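One chain is shown next in structure tokens, namely the form predicted alone.
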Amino acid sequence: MEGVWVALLAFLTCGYFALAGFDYGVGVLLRLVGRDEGDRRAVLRAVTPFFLGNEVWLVAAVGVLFGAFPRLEGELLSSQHTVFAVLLAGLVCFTVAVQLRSPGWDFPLVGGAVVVASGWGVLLGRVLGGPAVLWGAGMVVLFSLHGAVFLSWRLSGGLRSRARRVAGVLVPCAAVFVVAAVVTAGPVPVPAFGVTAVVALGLLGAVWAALRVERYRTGFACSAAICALPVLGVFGARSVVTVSVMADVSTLRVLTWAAVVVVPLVLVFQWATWWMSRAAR
């Protein structure tokens, strides 16, 4: 029973990083890819159909964390309350700016996206014991790469070419982050950290190759996997997600009935979002 809930929390968190990651990446790159107001509107039109669906993964993951992992939630909120406060402020700022989009909202939109991406990186770095500054900057690079690959796929013409060039620059930057994260790894034991880094470098090579031959969907799948890999590192660490931070078995059994209903709804909603967006193109 405990293993099922650990796997469910890992699945939902990976889904959030893999999908909402390109939302934040597009936000970071808004004024770099979009040179004028018309370009920026086209950039945001590419991402807005998926925006709310991607955020649902975060809501579902937080619900599982609060219900099935009460001690982990308490430890994280008490030890990282400043990071969570900044993250929440960035999320509110970014979400409001996307919904109320106008030229005057560019600064909070870009700033909110940077704060959210770097905030998740700082939190990952602290949980894994690595340098918080390195992880904060690294997650901004990974999400920006994911956003650039997404824009390369969903846009056309000059905007696509510009997004491809940005993605090409970000691939080696992301590789430097992966290597630096391994070299400066903290005291938290992560048995498969080296293997995860090798997989990440392989996926970065696949992104670069996919962009070269214009296989954008393949590149997007690889960049999504890269964004989810740090989450797997947290769940692979021996001293982070353990049975001692979970609710008792009787509580987990009750929660299982709710999960049987909610998780399929999240998956169906996500599938419907992508299917309708595909039909609209």
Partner chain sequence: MDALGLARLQFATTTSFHFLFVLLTLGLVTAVAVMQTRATLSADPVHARMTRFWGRLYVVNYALGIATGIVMEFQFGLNWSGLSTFAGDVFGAPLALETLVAFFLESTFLGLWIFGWDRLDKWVHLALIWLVTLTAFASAFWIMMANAFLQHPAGHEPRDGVLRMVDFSALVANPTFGTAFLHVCFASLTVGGVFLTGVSAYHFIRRTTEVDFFRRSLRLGVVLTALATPMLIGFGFGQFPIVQRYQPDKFDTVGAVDGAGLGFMIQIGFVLLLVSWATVPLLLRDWVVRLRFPLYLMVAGIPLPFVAAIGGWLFREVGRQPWLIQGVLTTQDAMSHVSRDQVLVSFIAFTGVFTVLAVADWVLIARLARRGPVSSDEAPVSPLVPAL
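Numbering follows the first chain given and starts at 1. Not measured: the values here are computed from a predicted model.
This next part talks about the form predicted together with its partner chain, which is not shown.
*Asks:* May I ask you to choose, among V182, L134, V199, L91, the residue with a heavy atom within 4.5 Å of its partner chain in the model of the complex?
*Replies:* Of V182, L134, V199, L91, the residue with a heavy atom within 4.5 Å of its partner chain in the model of the complex is L91.
*Asks:* Using heavy atoms only and a 4.5 Å cut-off, decide whether all three of T13, T218 and V241 touch its partner chain in the model of the complex.
*Replies:* The answer is no: none of the three residues contacts the partner (heavy atom, 4.5 Å cut-off).
*Asks:* Does the 4.5 Å heavy atom contact test between G236 and its partner chain in the model of the complex come out positive?
*Replies:* Looking in the model of the complex, residue contacts with its partner chain do not include G236, since no heavy atom lies within 4.5 Å.
*Asks:* Using a 4.5 angstroms cut-off on non-hydrogen atoms, would R160 count as touching its partner chain in the model of the complex?
*Replies:* No - in the model of the complex, heavy atoms of R160 and its partner chain never come within 4.5 Å of each other.
*Asks:* Although the partner isn't part of this model, could you tell me whether R41 comes within 4.5 Å of its partner chain in the model of the complex, counting any heavy atom of the residue?
*Replies:* Because a heavy atom of R41 falls inside 4.5 Å of its partner chain in the model of the complex, the answer is yes.
*Asks:* With the cut-off set at 4.5 Å between non-hydrogen atoms, does A85 touch its partner chain in the model of the complex?
*Replies:* Yes, A85 sits close enough to its partner chain in the model of the complex that at least one of its heavy atoms falls within 4.5 Å.
*Asks:* Sort through 162-170, 200-208, 134-142, 102-110 and report the only stretch with a non-hydrogen atom within 4.5 Å of its partner chain in the model of the complex.
*Replies:* Among the listed stretches, the partner-contacting one is 102-110.
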